[in-house]
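Next come structure tokens for two forms of one protein chain, structure 1 first, structure 2 second.
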Structure 1
Amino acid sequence: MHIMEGFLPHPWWEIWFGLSLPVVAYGVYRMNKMIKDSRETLPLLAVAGAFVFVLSSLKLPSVTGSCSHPTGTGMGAILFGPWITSVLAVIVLVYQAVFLAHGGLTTLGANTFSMGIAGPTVGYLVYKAATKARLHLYLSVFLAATLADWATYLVTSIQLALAFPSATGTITSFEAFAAVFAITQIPLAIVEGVVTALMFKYIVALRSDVLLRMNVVTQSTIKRLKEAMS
């Protein structure tokens, strides 16, 4: 991820567009409703979008037609859920494709699905499960961001394997793509998890009131964190 312009053959680039478009459209609806109901969420929305842009612009060559990089979408998934995060991701991906030659327009659907939908969905579910299990808040954030990143690259490996199956089948192709991605992506995702947890700690310190209204954290969690810092 990002898969470069023109790399996916017909009909795969169209299929990923078809799968991504309804999710992003619903995300736009959810975002507009959230902004209308809670204007105080705008600064956090801007922070989440900037976080995705900065981290996903730090690319390293990986396999032919793609690259490795942090995604930054775990933060958005924790704060706003996967629907709205898909909108942030597609905005970033369009800008990068047009102005940075990073990714592409024909592959926008595939890149949106892996980085803006699959990854954030996994991150959101992991965060909810971790908080329900009463794990420490920052450990929950770390796990959500790390696994969201890995999920993105597993889905990208699936996308490439489906488009370019090997002579022995799609499974073999997937294993080959995933193995090459793993060399760079395993350590990158861990670093992203740490950075996301540190950023979240900063947000908690500054705008814990907004996080409480958004039901991202509980009052008891904020109380424990502030007691630990005092």
Structure 2
Amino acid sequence: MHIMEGFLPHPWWEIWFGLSLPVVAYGVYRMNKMIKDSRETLPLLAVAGAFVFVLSSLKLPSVTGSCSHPTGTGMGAILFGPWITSVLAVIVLVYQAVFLAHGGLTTLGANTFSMGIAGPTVGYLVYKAATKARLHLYLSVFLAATLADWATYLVTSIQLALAFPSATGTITSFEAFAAVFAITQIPLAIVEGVVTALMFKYIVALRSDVLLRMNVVTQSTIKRLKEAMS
């Protein structure tokens, strides 16, 4: 759900830049600290960012027949946490704007807020809560990715509604935007949730050490999942 270049009027695009900037700046601070601690983080972050870009440039098999792309932010949030994901998201969004003509430069702030901050934060919190509630790993991943996408889509609708309130107020305008985008976004988010959960299944089967190293899962969970598989 990218807002296209030129769609957000003054003063809204500046406001969203202002809201996103401190979060991203703190993300950069966190990232610099992480790089100082272990130098091998930067290349891994880089390949993760490239992966998110490539994933988002692929077309998802879509139920409604519309052209739809996964966001990959839920995945990033689970692996790296919301702060660093916001830095990755800014870079990926600039590339999407420049290489694929998705999104834009003045709307970068708003898109970063919806896709790089709101979505990953929700995804991260949901994943943490679900692990604490001892839900099955794949179910937690599914919930995190799906809810992250829905959060993104709701925030985008709010952004558009605030910028273009209807005659009867912001709420009706929000309902209209949310209803129009719901047709594609609600099924799309579920598909992305399923895909992300299946991805985790393959990763657990082939390279579970990656997940252990990023502190995403515990040793005992992996052991249980592997036993269930065999």
Partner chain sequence: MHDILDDYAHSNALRETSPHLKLLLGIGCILISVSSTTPVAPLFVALTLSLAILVLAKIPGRIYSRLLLVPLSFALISAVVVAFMHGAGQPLYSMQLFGTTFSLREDGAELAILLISRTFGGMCSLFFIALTTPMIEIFATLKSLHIPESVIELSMMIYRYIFVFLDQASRIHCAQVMRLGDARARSSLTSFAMLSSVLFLRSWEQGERLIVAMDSRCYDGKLGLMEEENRAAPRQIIAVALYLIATATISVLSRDISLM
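Note that the rigid core is defined as the largest set of C-alphas that superpose within 1.5 Å between two forms. Computed from a predicted structure; not experimentally measured. Each residue is numbered by where it sits in the sequence of structure 1, with counting from 1.
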Which number, 1 or 2, marks the form predicted in complex with its partner chain? 2
Using a rigid core superposition, assess whether residue 211 undergoes a CA shift of 2 Å or more between structure 1 and structure 2. yes
